[in-house]
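Take a look at this single chain, the form predicted alone, given in structure tokens.
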Amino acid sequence: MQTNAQPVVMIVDDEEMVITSISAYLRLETEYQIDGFTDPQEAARRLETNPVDVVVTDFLMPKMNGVQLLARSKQLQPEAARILLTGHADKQNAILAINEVGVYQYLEKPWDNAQLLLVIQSAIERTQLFRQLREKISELDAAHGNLKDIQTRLLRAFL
């Protein structure tokens, strides 16, 4: 079960300094695995094969913007929380991100480290709860299926 594994935070920004800064802070304050990418397309490819708990991305980047990356993240890993971090405070982009890709949180640059940490921590908790819920639903589906099989056999045996 993923909840016992080390949480994975993906940080995507075309500025290496942003990735370095956030990564260094998170490594000091947490035990999270941090995966940083300056290329959003490379990050999207990683999402195809590697589970993450949270994706934190810049909005304006070359080749693929943050909303496009988060949309891809939502397709590939719908349970992973999506956080948009941008220096371009624009309510329309925030609304677009929230409505189109289910952004968990929208934060502006320059960010406050303590606030970012709290947002990431609560995002990880959310992701883990969604994964636990999915597992419980699967268990109930399996049990329900077994109960139906037993009911069918009993009905055949006694009717």
Partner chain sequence: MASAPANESVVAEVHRMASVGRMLAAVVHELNTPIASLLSNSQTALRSIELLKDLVAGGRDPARAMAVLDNLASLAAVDELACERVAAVVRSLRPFSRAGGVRCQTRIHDLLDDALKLVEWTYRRRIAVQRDFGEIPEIECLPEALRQVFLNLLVNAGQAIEGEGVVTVRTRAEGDCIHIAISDTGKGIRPEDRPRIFSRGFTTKPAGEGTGLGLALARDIVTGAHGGSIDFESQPGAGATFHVRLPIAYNRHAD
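Numbering follows the first chain given and starts at 1. Not measured: the values here are computed from a predicted model.
Here the subject shifts to the form predicted together with the partner chain, a form of this protein not shown in this document.
Undergrad: Residue 29 near the partner chain in the model of the complex, any heavy atom under 4.5 Å?
TA: Residue-level check for residue 29: yes, a contact with the partner chain.
Undergrad: Taking the partner chain as it sits in the model of the complex, is residue 137 in contact with it (heavy atom to heavy atom, 4.5 Å or less)?
TA: Judged by the heavy-atom cut-off of 4.5 Å, residue 137 is well away from the partner chain in the model of the complex.
Undergrad: Hey, in the model of the complex, does residue 113 get a heavy atom within 4.5 angstroms of the partner chain?
TA: Residue 113 belongs to the contact set for the partner chain.
Undergrad: Tell me, yes or no, whether residue 142 is in contact with the partner chain in the model of the complex, where a contact means a heavy atom of each within 4.5 Å.
TA: Answer no; every heavy atom of residue 142 is more than 4.5 Å from the partner chain in the model of the complex.
Undergrad: Can all three of 77, 126 and 129 be found with a heavy atom no more than 4.5 Å from the partner chain in the model of the complex?
TA: Answer is no for this spot.
Undergrad: Looking at 105-113, 129-137, 92-100, 44-52, which one sits within 4.5 Å of the partner chain in the model of the complex if you count heavy atoms only?
TA: Stretch with heavy atoms near the partner: 105-113.
Undergrad: Of 10-31, which residues get within 4.5 Å of the partner chain in the model of the complex if you count heavy atoms?
TA: Those in contact are 14, 15, 17, 18, 20, 21, 24, 25, 27, 28, 29.
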